[in-house]
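Shown here is one chain on its own, the form predicted on its own, set out as structure tokens.
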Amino acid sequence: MPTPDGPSAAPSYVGTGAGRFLGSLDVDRALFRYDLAGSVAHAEMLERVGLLGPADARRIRGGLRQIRREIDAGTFPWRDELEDVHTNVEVRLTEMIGPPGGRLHTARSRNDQVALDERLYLRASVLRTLEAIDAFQRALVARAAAERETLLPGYTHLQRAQPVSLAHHLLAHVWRLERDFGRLVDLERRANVSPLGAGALAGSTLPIDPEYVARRLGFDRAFDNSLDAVSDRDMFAELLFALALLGVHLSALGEEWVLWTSAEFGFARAGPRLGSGSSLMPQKRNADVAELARGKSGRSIADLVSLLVTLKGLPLAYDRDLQEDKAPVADALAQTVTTIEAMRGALDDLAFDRDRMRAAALDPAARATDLAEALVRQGVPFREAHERVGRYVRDPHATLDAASAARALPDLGPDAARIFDPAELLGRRASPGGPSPAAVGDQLAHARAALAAHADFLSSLGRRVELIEELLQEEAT
């Protein structure tokens, strides 16, 4: 059993009766790989500038890699009284290799250390989220490609408005997800700055080389201002906003699936991957995944608000309030990725009722805008056309077919028959970005090009994420 003043004793800065309250180990333990990799790079830098001898640097790197093996094997002695992952690693390292372990923290504070760990964690988390979004987009594009001719009523205010195609509708969600993808790419690029070397807030009097650590860990550059480096949590706030908006988009899609699988709509049938049955009613198949996508979006929004409230009143530089930044981020990331994956699985299991959708899309009242636009083509001012068609479709005695329209709106001419011809319903809506098969074909081409462009960034980001594992590999002898 180590003595209180021996190598395993807690550093003096964690000696407090409020240790349990101050501790963050339950949350920041997830940062251990990034903490170890950052420490390996820091040790390398200290050796390069002459603050560590080669033998001590080698022992430190070997000890850090041994700690990684212990954690992976579940044998690492985590100690709640040491507050956080950083102190647990430092104390264990000193136990293993003796006094050289105490040299690792040279020119480093827990302030810039945790800021580094969080940026490395963000990098890996963004990659996993982007991969999930990309996979879901590809699944939606594949389903859309098979549904270019499938009629579907489009809605505004949850009322039938104009006919579209199922492909057109699914692609609308692809473009929402594409913006979500782009936001995550942008924030990761902005966050790709190393804070290590900022110290507690004012750098160091020692001859450190922050740029070396930045390059070694795959960052674009090192920080510009040490005060900003240790206090900046913009990347987490941006991440949580991006995840919250992504959650809103998934919630909207989930709401549609709930409606579409109801008996009232009947546009789709829920399979086992969309939900479960009722504990009481044998006939029920609930759209549980879609409903939870709605519910979990509220949780992501709450995580964003939680972090913003934490940040809103903090002075420079580091304040202990920032310890509360990790829990909402970890929660939002976990909920978002699992929701995307569940929705993707549910899509594969969703069976669309094309006949039911077609019957709803062929509602004659949905031709009203087409009728008004046909009058415009004949030279009628749009407001007059709008009023005339409105009177016609609201006439309780009108049958709303080609013959009736031709009588009520004689300016239509031969357009009346075409407007009510189901075979021409989609093809006539050929404006750019519209639901005609040709316009949807253009959308599909654009969507596939966007997905192809994902590959380069995902590959580049993946290589930077892999640097962490490379740093934790054994050195060649």
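All figures in this text were calculated on a predicted structure; none of them were measured in a lab. Note that residue numbering begins at 1 and tracks the sequence as displayed.
The next section is about a form of this same protein that is not shown, the form predicted in complex with arginine (ARG).
Trainee: Heavy atoms within 4.5 Å of arginine (ARG) in the predicted bound form: does residue 108 have any?
Mentor: Output for residue 108 is no: heavy atoms all beyond 4.5 Å of arginine (ARG).
Trainee: Do residue 35 and arginine (ARG) come within 4.5 Å of each other in the predicted bound form, heavy atoms counted?
Mentor: No - in the predicted bound form, heavy atoms of residue 35 and arginine (ARG) never come within 4.5 Å of each other.
Trainee: Taking arginine (ARG) as it sits in the predicted bound form, is residue 335 near enough to touch it, meaning that at least one heavy atom pair lies within 4.5 angstroms?
Mentor: Looking in the predicted bound form, residue contacts with arginine (ARG) do not include residue 335, since no heavy atom lies within 4.5 Å.
Trainee: Taking arginine (ARG) as it sits in the predicted bound form, is residue 84 in contact with it (heavy atom to heavy atom, 4.5 Å or less)?
Mentor: The answer is yes: residue 84 has a heavy atom within 4.5 Å of arginine (ARG).
Trainee: So which of 301, 187, 402, 322 gets a non-hydrogen atom within 4.5 Å of arginine (ARG) in the predicted bound form?
Mentor: Of 301, 187, 402, 322, the residue with a heavy atom within 4.5 Å of arginine (ARG) in the predicted bound form is 322.
Trainee: Which of these residues, 103, 326, 169, 358, gets a heavy atom within 4.5 Å of arginine (ARG) in the predicted bound form?
Mentor: Contact residue from the list: 326.
Trainee: Any idea which of 264-272, 287-295, 111-119, 394-402 reaches within 4.5 Å of arginine (ARG) in the predicted bound form, heavy atoms considered?
Mentor: Selected range: 111-119.
Trainee: Run the contact test on 24, 28 and 318 with a 4.5 Å heavy atom cut-off to arginine (ARG) in the predicted bound form and return yes or no.
Mentor: Each of the three qualifies.
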